[in-house]
Structure formats: structure tokens, C-alpha cells
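Only one chain is shown below, in C-alpha cells, and it's the form predicted on its own.
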Amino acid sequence: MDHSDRIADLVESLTRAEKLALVHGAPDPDGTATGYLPGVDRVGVPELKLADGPLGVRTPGQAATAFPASIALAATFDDELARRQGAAIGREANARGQDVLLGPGLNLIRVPHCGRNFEYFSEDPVLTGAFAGAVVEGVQSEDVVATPKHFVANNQETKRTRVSADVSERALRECYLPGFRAAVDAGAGAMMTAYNRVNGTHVSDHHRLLTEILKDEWEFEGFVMSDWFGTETTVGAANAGLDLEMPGITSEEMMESFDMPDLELSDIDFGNADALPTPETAGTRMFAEPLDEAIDAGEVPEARLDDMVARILGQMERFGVLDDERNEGEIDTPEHRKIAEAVATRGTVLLENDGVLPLDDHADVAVVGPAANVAMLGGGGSSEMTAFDETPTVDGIRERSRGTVTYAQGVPEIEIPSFFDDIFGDDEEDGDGEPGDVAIDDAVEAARTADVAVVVVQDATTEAEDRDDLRLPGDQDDLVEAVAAANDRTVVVVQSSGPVELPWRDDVAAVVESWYPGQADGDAVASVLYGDADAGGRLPVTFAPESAYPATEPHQYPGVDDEVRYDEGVFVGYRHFDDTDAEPTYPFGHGLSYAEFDYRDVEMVDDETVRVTVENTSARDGREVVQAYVRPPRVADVDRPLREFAGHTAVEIPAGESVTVDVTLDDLAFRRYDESDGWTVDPGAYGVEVGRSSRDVRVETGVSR
């Protein structure tokens, strides 16, 4: 790796002790950073601060713009909007004095139960890669280091600190690594390792992943950090390619950093120790005294320490930290609020509509459900946000409606689990599930007397814990069924981390998926319900019954004897449903529109570009997401997906007009990884399908390779 002369000279001028201080974290004296490096005053190396993401800049005790969850961002199928959100988060990081953002999350949605799916983009590697690159570019355009995570195969929270993902090289290359490769190609300055093991070795100790693939093959020039308390060894991690141990502090220092110096470790409820990394389950200061001793013993070359330091200082120089050239930044600006609302609006997916939507301005509306009365900012864990201002769904509808809006809670509140509340306790009342005066009968009566009933339902997810099943928690299904029986114009707004089962979907007039829409919840939902914006979101993940997903056997998920076998190989998400002819509830890419579109005149412009004309045949303007899929030729003794998502373009089309759209086809859709020969493109004819989802192909063409 080539370093600037400045960095080489700086590393040479540092003492061993000063170098060691730069490769493990320390307590932040200001208490605002998730991670902190103190710098070296003697040679002018400033401090480095790292803040949680990716739903916004999370700094303890401070508010920031609460952007929609990453899965909602991906549902926009709008790369440029993702860049804008990334840049806005970068500006807010600067305003909070933070140099590194711990995001975006790039793990593939392998199982729908994963408690952190809301932090990730998609079940598809090409779509994940597109948003990985866009967000990284956006964040780093403001001179803030982006940190893609969690490298790699961290696809569940159950036993995440010790479970081993037994996964083939082909599945790694075709499914789980491409998003991270896209982030590296976009210039990511840092990378965070996963807690789990891959094929028996913890990622923080995995030389093949960290050095052979990430640094050597991909030419990654940034630094690799562990997840918090995720450094398992000293010699193994250092020689594998880990550059920075985080947080690198003792349990006592951790308590002080949380401003809880009198709290004893024994007082903390760490819950499931298999999922919550602590100083009891992983080492601390592995890269302090133990690394010093390992270098003296010849177990770790001193050149490896120099490389760690050079990588960190190289990114500090690259992003202006060394020269104190940090952008001033800005937070909670009107522009940032508009971006948050635009993402929440465009990411909202219309799953079903029997004609009840868009709502009439003057309709009397009954809004029902505890989820309607609070803005859904996200799940629990390190991405939890505090917003300056937020709009619950019912408030957004009240503001937009010209009719009468009534509200009935209907069922007890759904408690949102919190990673931090589980550890430190929570004295606040978050809704304990006690019925009190809440009754479904009140919701039914409100619905019966209204023109339209809008029921808002939610799931409840958090870091460090997977969902037990895909049912809505509490009595929400009963609530929907009761309201639908009372009003045949019932609309259900689903606010979820990913797929949920919808047993009542045939009994309601419309179903809308708004994910975790962030602070603009009510404004975005109202905009879509009333048709101020077209329902332009598309599903970045397949919705299906729980039993229909690929990893349904215990050895596939949640694992047996601390091992999860990825026996499904590359047949994840829609690929599995195509391969088995199983019928999804809603396929990957699905999303209805208030406009109608015809496709025609499809042709290949060149080997990697398909062109198609799309006409808006309706009387209203609309937003269409043009999706392209590649069907590979059949090759003997090789199992390949029936089709692979290859690219997309989102376009606004005025009523009655046509546009010609070019979609670039990602090379990953043509290639397969052979464990003997490496990347291979089988010669033959490849079908190119263009349409509205993986199951709604409108026109077809082809190309030979």
C-alpha cells in the first residue's frame, strides 16, 4: 500500500507507546462519541471521534434528524436520493464534531427474523451494492469517514457473538460480499468486522477475509475496526488484518463513558450473553499491552503495527482531520427535513389497493392503532435516534385531511425493545402492554361511523435479538380484523423492519408498507394516502409466509451447536422462490402505483445497457421504477438462479407521456463464482427481462456473452 511521505514520516516519528494508543479506543472526555481515539499531541495528531449510524448521527443526549430506516431508503430504488441522505448525515456528523460514521449497514437480508434487518438494504446483492456505493459517496462527500458494516455474513442476531456461518465460497462471493465490494469501490475509508465466525473463524481473526480479499484483492486502503468488544484475540486479529480495536476500554472505563461511574458490572443485566458483547464475553485492550508484548515476542511484526497506524492516519489525512479542516456542518435544517420526508414518502410501498386510495380530501377518517400515535423512528439498538421534531401518523393525517379525523388506540401499546434499556434499565414508561381503558370496541365504533378506517400496525425489533416469528405482536391482527368487519373501506399501514405476515390482507381494501419512516412518519404517510405523491416505493425484500423462506430448518437458522449452515447457497430471497416455484405473498420489486404504465420497444444498446420506452397511460402523473433482470443460460451440473436482479432506474412520467429509459446491467448478474476457476461468465444467450417486479415482466430481449 502506498502512503504519502507525510504519513510515512509521521509513523516513523511515533514511539511504540504512541502507536499503540492509536490502534485501540479510549473513553471520550466529552461523552459524545460512540468511539474515540485520543490522538498524539506531541506530533500534532488530533483526536478522532466515531458516531453511531446509519439512521442518522447518534450521539448521547443529543438530537439529530431521524432519517427513515435503511430498508425504507432501499425501497425508494433511488440512488441519487440515497446520496443526498448520506451527505445530509455527513453534514450532521460534522455539526456534532464527529469524524467517522458507523454505517451504512450492508448485511444481506437472509432470514426475515433478523432483528437488525431495518438497518440493511435488501435481500439482493446488486441492489445492496447500489445503495452501499451511493450512501458511502454521500457521507464522504462531506469529509466524514463512512464505515460499512458488519463484514461479513452477520445475518442474524441470535448467538451473534459466537455463531459460525458455514457458507460456501460461491455464496460469499455472489451474495454476501458484493455490497461490501461496492462500498470499497466507492472509496469507503473504514470497515467494521462482524461479531460472528465465518467457517469457524471469528471475522476479526479471519486473515483470508480481512487481508487476502479485502486488502489485497480489493485494494482497500482504509482501516478495519472491530465491532464493540468484538476483538477476540491479539495475535490472531493483528496478523489477520484488524487495524483498530473498539472500544478498547475496560469495563470501568465503559461505565464512565456512559456517565455511570458508580455502576458495577454485576449490576448490569446483559441479557443474552450470546448476543450482547461485553467485557465478560470478549477481551478488552487487546491492542494495548498485549499487542506490545506480542511484538516483543516476535508473534506480530512491528511492521504490522506501523501499517495499522498508517491506515488510520492515512484516512485522517484524506478527510482533513489531520489538518483540522473539518467542515462546519449543519443539523436539523429545512433541507435535511425535506430529505427525510422525501425518503419516507418515496420508500412507502402500496401493496394492495381496491380503489380506496388515494383518499378523498373530505372523507371522514378513523385512525386506529397505538402505532398511529407515535412516530416510528426505528428499532432498538445502536441506531436508536432522538429527533428534534417528529410527526406521528395520526397527526399527519389530521393536518392533511379536510374532513373529520378521529383516533382510537384499540389495543395496548406495543413495546419497542431497546438494546440499551435491556442493559442499563429504563425508568420511563414505554407502554407496558396493560389494557387500561383501551378496547377494540372503541376502535370498531370509530371505524363504523367513518368513511374510511386507517389502521396503523407495527412490529417490534432490536439489535441483539431476533424476532420469534413474523406475526404482528400483541393483538394487532385481531384489531385489523375487527375494524375491517366494521368498515369495508379499511386501509392498513404497516410499519415494520421487513416482512411480516398479513393474514387479513384479503379482508381489507388497501395495504401500505411504510417501514420505519423516521421523524417525517405522519407527513409521508399522509402524502401517499391522499395521493399528493405517487405510491412509488418497491419491495427490496420478498414478503411470504414464514414457512416459505429458504432457511427454515434449525441447522440453517438459528443454528445447531453454534453453527448455521447456509445450505441454500445463492438461493436467497426471490431466487429461492423462483427455484422452488413457491408463491410469495408479494414478490421482490413489487409495488403498485396510482398511475398505469405500458412498456414497449425494448432493445439492447450495448452488452450492458437495456433501453425501453415506458408510457404513462393514466390521467395522473406517476413515478415508475423500471427493473431489469437477467436470465442466464442453463449449464450442465451448475445450479443458477432462474433470474437475477441486474439494475433499476426510477423515473417521473407525466400523465399521457412516454419516456425512454436506459438501465445499466450489473456484471454480477452475468457472472457466477466457480470455486476452482474463480469468476466465470458462461458463454451463451442471456435473457434480459424488464418490468415492474421479479414476477411482473413486461418486455424481454437478450444478449450473448
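All figures in this text were calculated on a predicted structure; none of them were measured in a lab. Note that residue numbering follows the sequence shown and begins at 1.
One more form of this protein should be noted, the form predicted together with a small molecule, which is absent from this view; the next part is about it.
Peer 1: Select from the listed residues Asp243, Asp227, Glu513, Glu465 the one whose heavy atoms reach within 4.5 Å of the small molecule in the predicted bound form.
Peer 2: So the residue touching the small molecule in the predicted bound form, by this definition, is Asp227.
Peer 1: Please tell me which of Ser164, Thr406, Thr391, Ser382 lies within 4.5 Å of the small molecule in the predicted bound form, judged by heavy atoms.
Peer 2: Result of the distance check: Ser382.
Peer 1: Quick one: find which of 626-634, 142-150, 342-350, 328-336 has residues within 4.5 Å of the small molecule in the predicted bound form by heavy atom distance.
Peer 2: That would be 142-150.
Peer 1: Is the small molecule in the predicted bound form near all of Arg84, Arg181 and Phe220, within 4.5 Å of a heavy atom of each?
Peer 2: Answer is no for this spot.
Peer 1: With heavy atoms only and a cut-off of 4.5 Å, decide whether Arg58 touches the small molecule in the predicted bound form.
Peer 2: Close contact exists here: in the predicted bound form, Arg58 approaches the small molecule to within 4.5 Å, heavy atoms only.
Peer 1: Could you tell me if Ala524 has a non-hydrogen atom within 4.5 Å of the small molecule in the predicted bound form?
Peer 2: Close contact is absent here: in the predicted bound form, Ala524 is far from the small molecule, nothing within 4.5 Å, heavy atoms only.
Peer 1: Within 4.5 Å, heavy atoms only: does Arg116 come near the small molecule in the predicted bound form?
Peer 2: Arg116 belongs to the contact set for the small molecule.
Peer 1: With the partner left out of view, is Phe77 within 4.5 angstroms of the small molecule in the predicted bound form by any non-hydrogen atom?
Peer 2: Contact check for Phe77: no, nothing within 4.5 Å of the small molecule in the predicted bound form.
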